[in-house]
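Okay, so here's just one chain, in structure tokens, the form predicted alone.
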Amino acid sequence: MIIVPEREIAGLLGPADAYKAVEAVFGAMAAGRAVNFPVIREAIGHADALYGFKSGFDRDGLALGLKSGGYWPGNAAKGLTNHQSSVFLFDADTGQCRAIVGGNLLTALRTAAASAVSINYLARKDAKVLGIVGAGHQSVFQLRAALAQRAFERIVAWNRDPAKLARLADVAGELKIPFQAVSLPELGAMADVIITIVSAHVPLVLDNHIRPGTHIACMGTDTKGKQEIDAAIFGHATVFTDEIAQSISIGEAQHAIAAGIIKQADIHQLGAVINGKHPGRTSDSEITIFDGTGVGLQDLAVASSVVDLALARGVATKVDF
């Protein structure tokens, strides 16, 4: 069995590698060549933590396995990331455990890659202003991945604690892109692309905040009851997701579905756009939403890439199991 510890991930997988893996998985899912198995995600009644499993199988890449982990909100005070996970890969021909891979950085990279894929395929080509709602650990990964997709000329951001916006301002300064802390109504009025990356159960981005032509990527923690944006926005937007079953149950679309604003048939797989089966954005005035629910196949794809790279570079540990 192969072990790739968390400490090796940063030197192996970059944003471009993660983007390529996630894009391929979305295409395979939409073509019916990759399937996610039902998600288990529950509050454990200790440390306010959410814990669960995401798993699946990609027949193209032969990636079979699961990610085990969840969200521990008190970890930041302990010097740890709130999201903790490990990925287990199995040999598709024998069922033997092939590898264990540290999943914390991988989760951040694949989540950012998912929103980046949505921006590449759905945002207006002339998008100039990027809006970020949330300034937690994941936000920096989201920002860097998004900036690679369009020639953004300004970044605007909002966070409950404005002091935490400094981490986003630092990235903007490094890349010499103007940065501005704004209110939520101001962010909606200015941004061509909005990424929400918060753990929330009350909508922050409201319907009257959004301009025609905006692309919104909802990337925050997915669970029953989560909500980052006003469900009313779904009523006049074209909606895309990674996994429809998750979108309507634990994703951002759950509230719009429950309220009867949209039906399940109104939600499209982003992979269909990648495969050329759906046109994606059809006008510059269209509002598009990507409900990124974080499917297990994303984790398996990036973990498989990491294992291959670790073996090639001699940093993987092999043990009898």
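Only the largest set of C-alpha atoms that superpose within 1.5 Å between the two forms is called the rigid core. Computed from a prediction, not measured in an experiment: that's the story for all the values here. Residue numbers run from 1 along the displayed sequence.
One more form of this protein should be noted, the form predicted together with nicotinamide-adenine-dinucleotide, which is absent from this view; the next part is about it.
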| query | Looking at nicotinamide-adenine-dinucleotide in the predicted complex, do all three of Q138, R160 and S199 come within 4.5 Å of it through at least one heavy atom? | reply | yes
| task | Spot the stretch among 91 to 99, 214 to 222, 171 to 179, 119 to 127 with residues whose non-hydrogen atoms come within 4.5 Å of nicotinamide-adenine-dinucleotide in the predicted complex. | result | 214 to 222
| query | Which one, G61, G294, G280, G70, lies within 4.5 Å of nicotinamide-adenine-dinucleotide in the predicted complex by heavy atoms? | reply | G294
| Partner proximity in the predicted complex: R150 to nicotinamide-adenine-dinucleotide, non-hydrogen atom cutoff 4.5 Å | no
| Are any of the heavy atoms in K226 no more than 4.5 Å from a heavy atom of nicotinamide-adenine-dinucleotide in the predicted complex? | yes
| message | Can you work out whether T111 and nicotinamide-adenine-dinucleotide are in contact in the predicted complex, taking contact to mean some heavy atom pair no more than 4.5 Å apart? | response | yes
| said: Is G134 near nicotinamide-adenine-dinucleotide? Define near as a heavy atom within 4.5 Å, in the predicted complex. | reply: yes
| request: Spell out whether the Cα of H83 moves at least 2 Å between the shown form and the other one when the two forms are superposed on their rigid core. | output: yes
| task | Once the core is aligned, please say if the CA of F179 is shifted by at least 2 angstroms between the shown form and the other one. | result | no
| query | For L50, is the C-alpha shift between the shown form and the other one 2 Å or more after core superposition? | reply | yes
